[in-house]
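One chain follows as structure tokens, the form predicted alone.
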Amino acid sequence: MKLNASSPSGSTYLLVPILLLFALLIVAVIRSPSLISGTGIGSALIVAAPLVLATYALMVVAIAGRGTVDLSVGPLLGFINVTLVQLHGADLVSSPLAVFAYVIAAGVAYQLVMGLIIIYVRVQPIIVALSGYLALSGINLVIMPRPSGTAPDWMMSWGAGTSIFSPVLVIVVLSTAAWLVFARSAFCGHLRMMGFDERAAYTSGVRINAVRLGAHCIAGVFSGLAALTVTSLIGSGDPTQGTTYTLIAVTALVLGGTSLAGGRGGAIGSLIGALNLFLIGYVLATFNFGGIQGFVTEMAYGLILVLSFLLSVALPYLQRHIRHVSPFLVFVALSMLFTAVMLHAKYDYGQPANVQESTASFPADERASSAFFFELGESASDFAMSANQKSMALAALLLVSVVFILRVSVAEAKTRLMTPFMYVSLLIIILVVIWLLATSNGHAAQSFASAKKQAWMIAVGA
């Protein structure tokens, strides 16, 4: 993942989302180590995918300028969802090719109508978006008054969330890669130029109407794919499910550093912002707030949205002091730190070694569900390692990490002398991994597996 490493000052707006991402990841792993299991990551992926793609749809039109915030993105997802389920029930749309063609065509058609109204009727984008939000919310209830119907049979397994590798992951990865490739095109350059200053872009020969319509078409593609992942998640039609994505998608957009004034934004920032919003909900779900759980979550989203706006206002002043700090280097350093925390949270080094032996009576399917994300073998014996082998593996990880950090540090500093921040980051990584090496001998029991074993024994009356 490249965070514009060649120009640290041009992507400093990503520093806050990156710091928040790793803070939330650390808290989430400590509160619930099952997040870093195969099923944990798979479930998180299927839940977060619609939000990521909806944020991408908002990002494209926001970059186009004029303060365009598509508030209708949530009801649009609901509209595509309910119409897809109804058409499938009538045997009109069933095959994968037909489903993909329909969701993309429906998203592009709506966004084209929205773009044409903005350009030729000259209505403010926020008014068009709000009108679309109200209209689609009512139309969805007319088409399907209550949740009903089923998704195509071949799509039902997508929402299981039992595996990391799934069609939903492929959709998200390809969508992100497509935007990163598109970001290097001349069309994207014209889009950003138009977002910064539409008059200057027009006088420079940019066909602003065509560019704006193109942005809406791309947003329509992302909206259609987001609706497809929503359908796979719920497995049926729901006229109100998509509406819930409006607020959190806008919040993720702002949190990811996209400027609502236009001209600035990208897939990496939007992805990080969407993941932050998912993790906030995940972390809050580990606490018991009783009947006000939903209100606490909504309050958190609102507070983060306000703070994101304030940070956007203060960003020009902050850039004077942090313009030499590379977001890519910060991401790499925090990734190493999070890896250490993740290993320690998953494997309880303080537990005696005989705890691992006691998990032998634990059912195989229960052990597999709590396995670490790289423990994907058919049996636990496939990954059995001695204490010396584990120490050698961690030593190799330490060596690779140090070499990688040194290479990135020199490249980011643009000089042979690394900055003090880089020295501190490197020192933290070395100390943490050495600590892991010192405490790993003979203590590889899984705390989360132990807790699930106790729950299983209580369930069977042991």
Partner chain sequence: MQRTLSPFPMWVGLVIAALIAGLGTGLGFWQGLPAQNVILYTAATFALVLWLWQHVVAVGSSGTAADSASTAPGEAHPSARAAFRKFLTGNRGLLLALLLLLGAFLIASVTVSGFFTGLNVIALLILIVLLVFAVRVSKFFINNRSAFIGLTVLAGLFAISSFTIEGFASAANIKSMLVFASFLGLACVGQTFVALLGGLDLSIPFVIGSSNVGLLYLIKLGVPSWIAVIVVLLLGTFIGFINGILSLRVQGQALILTLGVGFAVSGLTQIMTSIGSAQMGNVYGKVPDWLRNLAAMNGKTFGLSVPPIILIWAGMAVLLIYGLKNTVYGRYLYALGGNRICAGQLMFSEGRYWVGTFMVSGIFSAITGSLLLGWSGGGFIGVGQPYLFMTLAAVVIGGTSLLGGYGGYGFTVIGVLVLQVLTSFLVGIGLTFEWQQFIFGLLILPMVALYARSAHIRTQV
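Positions refer to the first chain, counted from 1. Here the structure is a predicted model, which is why all the values come from computation and not from measurement.
One more form of this protein should be noted, the form predicted together with the partner chain, which is absent from this view; the next part is about it.
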Revision key, fill the gap. Answer key, the partner chain contact in the model of the complex at 4.5 Å (heavy atoms) among A90, V142, L97, A186: the residue is V142
Revision key, fill the gap. Heavy atom within 4.5 Å of the partner chain in the model of the complex, from candidates A177, V296, V170, A109, belongs to V296
Practice item. Considering the partner chain in the model of the complex, find the one stretch among 133-141, 268-276, 222-230, 97-105 with heavy atoms no farther than 4.5 Å from it. Key: 133-141
Point to revise | Heavy atom of Y120 within 4.5 Å of the partner chain in the model of the complex | key: yes
Check your understanding: Does the partner chain get within 4.5 angstroms of any non-hydrogen atom of Y301 in the model of the complex?
Key -> yes
Check your understanding: Does S166 reach the partner chain in the model of the complex, with heavy atoms at most 4.5 Å apart?
Key -> no
Review point. Is there a heavy atom of V254 lying 4.5 Å or less from a heavy atom of the partner chain in the model of the complex?
Key: yes
Exercise for review: Assess the spot marked by T83, T150 and L213: is the partner chain within 4.5 Å of a heavy atom from every one of these residues in the model of the complex?
Suggested key: no
Revision key, fill the gap. Looking in the model of the complex, the residues of 207-229 with a heavy atom no more than 4.5 Å from the partner chain, listed in order, are I208
